[in-house]
Each structure stands twice: as structure tokens, then as C-alpha cells.
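There is one chain below, alone, in C-alpha cells, taken in the form predicted on its own.
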């Protein structure tokens, strides 16, 4: 009886959150899945026609390719760089909280201000071209060239580096200092301590950081949209641009099919990462 009462109390505490998840996430996503099999105009059942349509759509292939390329470049750089910075920070504990706060500052900058920074630096009359002119190098409008993709990457890493650094530092702080002391007594150097002690104890943090970095990557669309609008240079045309344009055109069926495909890819990727980390553990 006591266990039943405790289980009932736990259920009552979980019920509001569960209701919110069902109302605002599960039910809407099930509705999206349903819409992906029907016509947005007639409501007629279309089977997999909407999915064939998006895979044959050149804009979808471009946006999906750019998005995959973006994550394939950004995530390894961000995770590796943030780990390196966090290791260096934890070696010197003095003013550690202040240092972490400084790294988090880019996340506190409003998106509109970030857009102004982009324009100030990378416009055809911006600071970067002015600097290059000092060396007799002709500048270009960086946001309308292939370099726009790398501008997007730099912006993403700059804004999210501090967030990942704080997560790494939290993981490193949880490792017992006695492990390092014992290893150094046995003659282990810094590199050996990193590979044999630090990394094995950070595998759980690594999974969390990779997943959060992946999810945060979709937020970079805000800057790209405010800088270049609905149709930016093709190298920075992402899935979010495509969804935004289809929403404006009321192509709900194509949007739903693309959303289902994107959600399935993300879920499979996260499950694959989880399985890989479970094997490592």
C-alpha cells in the first residue's frame, strides 16, 4: 500500500509535464506525420508521393546537403576546440568562474547585434575588406560568395563555444584529483593522463555535448535569415530557409514530409551515437 501511494505521488508530479509533452510535442508531431501522407489542397491520401516529391526537389537536395555539410564540419571542430579550451582552463583554477562567464558572453548577445557584426565585418565595404586593402588585396562581398558558408561556421562556433566549454569543465571537475596524482606517481605524463583518465571519464559528457551541439546548430538559421533573407547565397541555403519558404507558400504537405524525414534522420543519428557511446562505456 505504501509503495502504491508513493507511485501515485510520483505520477501526480509527472502528470503536468507529461501532459505538456503530449499536448505541445507528441500530438502535433503525430499530426505532421499524418499530413505528410495527404494532399494539402484536397486532403486526398497520397501515400509516399509527398516524400518522392521532396527528394526530387532541387531546393530540398541543396538545403539538405548544405545542412549535412554544416554539421559535418561544425560539430567536430566545436567539440574538439571546446574540449581543448576546457582542459586549459581547468589547469589554472584561478578566476575560473570569470573565465567561464567571458566564454558565455557571445550567447548573451542578441541575434540582431550579431547580424550587425556580420555586416560590419563581411560587407563589401566592411572592415575585413578594408584590412585586406592595406595589403593591396581586392575585397569581395563575402556573404554572396562561397565564403558565406565559412562565415556561418565561424558564427556558430563563436556563439556556442562557451556553452560547450562550461559543460566540459563541469565534467572535468567531477573527476577525482587522486586519479591524476596516482598516475603521475607511476610516471604518467600529461598526454597519458588525458587519454587514460580524462577522456574515459568524459564519455557521458561527450555524448550530451555532441547532441546539444547538434540541436543548437539549427539556431544558426536566425542569423543567416536576417543577413541574407529568404534566398541567400546557395552555400548557406539551409533546411530552415526551405521550410520558411514552403510555409510562406502554404506547401504544408511538402513541409510535413520534409519534417518527418529530418526528424527521422536526427533520431537515427542520436540513437547511433548513443549506441556507439554505450559500446565505448
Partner chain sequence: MKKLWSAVLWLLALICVFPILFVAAGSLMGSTEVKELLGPALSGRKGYVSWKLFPQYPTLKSYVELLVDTPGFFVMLWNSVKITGGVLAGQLLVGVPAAWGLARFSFPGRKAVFTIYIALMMMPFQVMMLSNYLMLDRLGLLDTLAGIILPAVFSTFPVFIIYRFFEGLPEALMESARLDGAGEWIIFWKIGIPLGSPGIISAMVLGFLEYWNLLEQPMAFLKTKELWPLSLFLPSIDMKQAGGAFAASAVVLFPALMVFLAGQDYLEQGIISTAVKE
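Residue numbers count along the first chain shown, from 1. Throughout, rigid core stands for the largest set of C-alpha atoms superposing within 1.5 Å between the two forms. Because the structure is predicted, anything quoted here is derived from the model rather than measured.
One more form of this protein should be noted, the form predicted in complex with its partner chain, which is absent from this view; the next part is about it.
Not one of 56, 63 and 192 is positioned with any heavy atom within 4.5 Å of its partner chain in the model of the complex. Mapping the unseen interface onto this chain, residue 103 counts among the residues with a heavy atom inside 4.5 Å of its partner chain in the model of the complex. The closest heavy atom approach of residue 236 to its partner chain in the model of the complex falls outside 4.5 Å. For residue 118, a non-hydrogen atom is located within 4.5 Å of its partner chain in the model of the complex, even though that partner is not displayed. Proximity of residue 114 to its partner chain in the model of the complex falls within the 4.5 Å heavy atom cutoff. Residues within 4.5 angstroms of its partner chain in the model of the complex, judged by any non-hydrogen atom, belong to 104-112 and to none of the other stretches in 141-149, 104-112, 192-200, 174-182. Using a 4.5 Å cut-off on any heavy atom, the residues of 235-256 that reach its partner chain in the model of the complex are, in sequence order, 240, 243, 244, 247, 250, 252, 255, 256. After superposition on the rigid core, the Cα atom of residue 130 is displaced by 2 Å or more between the shown form and the other one. Core-aligned CA deviation for residue 77 between the shown form and the other one: less than 2 Å. In the core-superposed comparison between the shown form and the other one, residue 181 has its Cα shifted by less than 2 Å. Compared with the form shown here, the Cα atoms of residue 74 and residue 132 sit 3 Å or more closer together in the model of the complex. With a change of no less than 3 Å, the CA-CA distance between residue 154 and residue 132 is smaller in the model of the complex than in the form shown.
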